[in-house]
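Quick setup: one chain, the form predicted alone, written in structure tokens, and binding and motion questions come after.
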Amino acid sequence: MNGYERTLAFLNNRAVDRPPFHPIIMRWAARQAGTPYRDFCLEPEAKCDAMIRCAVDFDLDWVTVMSDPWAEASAFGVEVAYPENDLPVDTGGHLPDAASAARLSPYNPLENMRCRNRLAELEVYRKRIGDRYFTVGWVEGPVAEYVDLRGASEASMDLLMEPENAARAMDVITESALVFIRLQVERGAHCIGIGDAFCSQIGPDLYRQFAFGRQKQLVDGIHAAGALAKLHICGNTSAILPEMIATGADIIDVDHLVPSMSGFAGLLAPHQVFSGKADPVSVIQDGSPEDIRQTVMRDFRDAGGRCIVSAGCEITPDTTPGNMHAFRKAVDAPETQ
């Protein structure tokens, strides 16, 4: 049973030899492969080579196109700098005010280098690994992308003071993402992740006002395109987890800041699972193999066995190969079978 087969079977409540193992690796993957992070972000072959090498060496069940949140933002006009071995940073081109945001126009993914690169990455995966691993594309969610275009403080004020203008911009963001989703599925993505991290910072009322309906549009669009949907929101999402599940996303990421999944597992539909939620620093980076094993067992138990094994967010670049091997070994514990 390969990673793609295992993940599909698990999502469909069929028997598996073990739960899928989907740690989020970006800077960690680049470091393991000896790839400068600029190349990991900008060179499709470099990213895919690093991700596939890690999937083979550490027995992962998935590969992704994840590296940074600036692909779509650059298509909307944000200027981005790419240090050789650090995270990309936005350097200009942000929307100056909410009124400008309300006049936002859709972008064409085929006319932007970063978006074309994402499509190229999926083509590389399809050519090199086919259906051996569960291949996940990505789009930014409406709130996260609005924050990228306006800045966190400015966007937060817009949601409160100029909600109609912010909503118009998020409609365009959603419209553009639906086009990008279709193109990614056509290039071979089995699943599309939706990253909407800032939603954990705005509270449940604003989440329902701005994010929930648009995230559901994206999930519905992903399903209509023939792929599965994954929803990723960092932080303590306890107050919005019922709505996250109600979007219909097949995979709902849960961060370590959520105290427990046990109170939410009963809300999952038969086709839905959680993914998470080990602390990537205190457990995966700094913990002992036994700490890692105990955490995986606790999370799997709390989710009622409906949990892809992963950390709550990105594996840190300083995590040792030994701890990553221990993370993978924990998946084989009898309690997960």
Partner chain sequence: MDTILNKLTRCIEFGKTDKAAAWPPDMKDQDGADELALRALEEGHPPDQILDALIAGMEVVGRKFSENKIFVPQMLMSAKAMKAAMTHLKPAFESGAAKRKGTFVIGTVQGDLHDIGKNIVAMYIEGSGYEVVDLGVDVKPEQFLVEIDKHPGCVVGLSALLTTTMINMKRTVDVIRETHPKQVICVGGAPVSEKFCREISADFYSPDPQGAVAFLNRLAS
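Numbering follows the first chain given and starts at 1. Everything quoted here is computed from the prediction, not taken from an experiment.
The next section is about a form of this same protein that is not shown, the form predicted together with its partner chain.
Among heavy atoms of Ser105, none comes within 4.5 Å of its partner chain in the predicted complex. Although the partner is absent here, Val281 is a contact residue: one of its heavy atoms lies within 4.5 angstroms of its partner chain in the predicted complex.
For Gly248, no non-hydrogen atom is located within 4.5 Å of its partner chain in the predicted complex, even though that partner is not displayed. For Gly203, a non-hydrogen atom is located within 4.5 Å of its partner chain in the predicted complex, even though that partner is not displayed. This chain appears without its partner; in the predicted complex, the one residue of Ala99, Ala224, Met113, Val89 with a heavy atom within 4.5 Å of its partner chain is Val89. Between its partner chain and the residues Asn85, Ser262, Ser156, Asn165, the one pair within 4.5 Å by heavy atoms in the predicted complex involves Ser156. Only one segment in the set 312 to 320, 18 to 26, 325 to 333, 5 to 13 has any non-hydrogen atom within 4.5 angstroms of its partner chain in the predicted complex, and it is 312 to 320. Within 4.5 Å of its partner chain in the predicted complex, a heavy atom is found for every one of Ala152, Phe198 and Gln285.
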